[in-house]
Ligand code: ADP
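Only one chain is shown below, in structure tokens, and it's the form predicted on its own.
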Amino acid sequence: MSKTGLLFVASEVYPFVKTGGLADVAHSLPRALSGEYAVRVVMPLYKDIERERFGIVALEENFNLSMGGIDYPVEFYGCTYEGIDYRFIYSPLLCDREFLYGSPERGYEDNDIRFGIFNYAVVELLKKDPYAIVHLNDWQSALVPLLMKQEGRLLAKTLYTIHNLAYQGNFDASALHKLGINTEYFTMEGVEFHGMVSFMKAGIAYCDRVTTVSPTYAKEILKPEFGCGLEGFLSHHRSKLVGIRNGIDAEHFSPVNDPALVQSYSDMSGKAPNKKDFLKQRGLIGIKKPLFVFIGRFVSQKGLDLLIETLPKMAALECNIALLGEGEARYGEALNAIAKKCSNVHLTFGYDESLSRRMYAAADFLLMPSVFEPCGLNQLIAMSYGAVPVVRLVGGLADTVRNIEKYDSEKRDGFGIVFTKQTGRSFMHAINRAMELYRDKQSYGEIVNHNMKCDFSWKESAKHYVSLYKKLEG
């Protein structure tokens, strides 16, 4: 008996391209689902993707896609990678850019057209091949349910996952015509959002089910504090909303077989060579001092204001601090100024997958002082690599990191330092607790070794997705 077809749609997938956690999810979740479904992943073929490396080949003749009265050339490509079938959509306007979505400061002004092309091309795929389920991710693919409804003859059921509600794909009302969307959809119940066209609203309004990436975040986004203006609309559609915690690829993120590391390891005793090498490479002194790391985007959401406020006080402690990321210039400049003043603070700009792995392996603690966090993958990776997370009690962090005061070796939860208030005092208190834990070698070792044995894979979460798919299939 052949498996049911599942089309998984994402604007980025690791290892082809990556700007954030969506790429990791779009790589690992389809693999976890492939035992139950015939999964095909579709994404844009950006210019920086190495076609020869992945064996990506052209599949069909070129064709023109008509959108808003204008024709756009589109080509389909494909490959098989790690047992998963991939389809790539190439159109010059969509793919031939320096960045995926725009600079760290702002998105491209024509992203409505760019990802409109992507969504229309996905619908063309649906016309060619039958799929029972279409799983869409974030605003970049959120028009698909509306376009399917407009098309009127596509029977696939749609599930739309919100990875971060703050990025909604909102554009000027003129986008309605440019995207070829009927004016009947430009209503409060449809794509209209404060006089603009909202891709995300289209996904929420016209898909069959909505998921987000942790149970706590699913509750938070119904409140004004976290709803980004969509809390009322989401509350109206709450009957089809559910939160499912993200997982990580347990093989891909494993210190046991990670080629980026100086030495592989399976428990805390093997971390020392990695820490020693990292400190030497970065000019940081003191292997016996705790090493705190921050890995992520330099944006407000990640708690950069709080981190910058607290960093000089942290640097006055007997510890080392390493930061890796890119984002808004104002944050980068502030961090750079601190790193120049403090010899125990090292800053690396940019995205470097291999370096991030070495940092997880070297670190004693991971810093995640997020203002909001839909799920977060960093804390899961850190615990797998034996770094204790220091996190704020919010979103997916609340679902994945239990406070060490409640440590129970019998539980399969991950444990870390948890703080509640987005204040310098609360965060600094958490840092001091981390320092205290580090001095208690026995307790620290127990937490680290416990976390490294926990299962942060997709095993259970994938079951929840399969259950939702089955319900959609009827």
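Note that residue numbering begins at 1 and tracks the sequence as displayed. What you see is a predicted model, and the numbers here were worked out from it, not measured in a lab.
Another form, the form predicted in complex with the named molecule, is not on view; read the next lines as being about it.
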So which of 170, 356, 403, 263 reaches within 4.5 angstroms of the named molecule in the predicted bound form, heavy atom to heavy atom?
-> 356
Only one of 165, 126, 295, 175 has a non-hydrogen atom within 4.5 angstroms of the named molecule in the predicted bound form; which is it?
-> 295
Thinking of 364, 426 and 438 as the candidate spot, does the named molecule come within 4.5 Å of a heavy atom on all of them in the predicted bound form?
-> no
Counting only non-hydrogen atoms, choose the one of 301 to 309, 99 to 107, 335 to 343, 179 to 187 that falls within 4.5 Å of the named molecule in the predicted bound form.
-> 301 to 309
With heavy atoms only and a cut-off of 4.5 Å, decide whether residue 88 touches the named molecule in the predicted bound form.
-> no
Does the named molecule get within 4.5 angstroms of any non-hydrogen atom of residue 384 in the predicted bound form?
-> no
Give a yes or no for residue 217: in the predicted bound form, does one of its heavy atoms lie within 4.5 Å of a heavy atom belonging to the named molecule?
-> no
Using a 4.5 Å heavy atom cut-off, state whether residue 196 contacts the named molecule in the predicted bound form.
-> no
So which residues in 342 to 360, when you check the named molecule in the predicted bound form, have a heavy atom no farther than 4.5 Å from it?
-> 350, 351, 352, 353, 356, 360
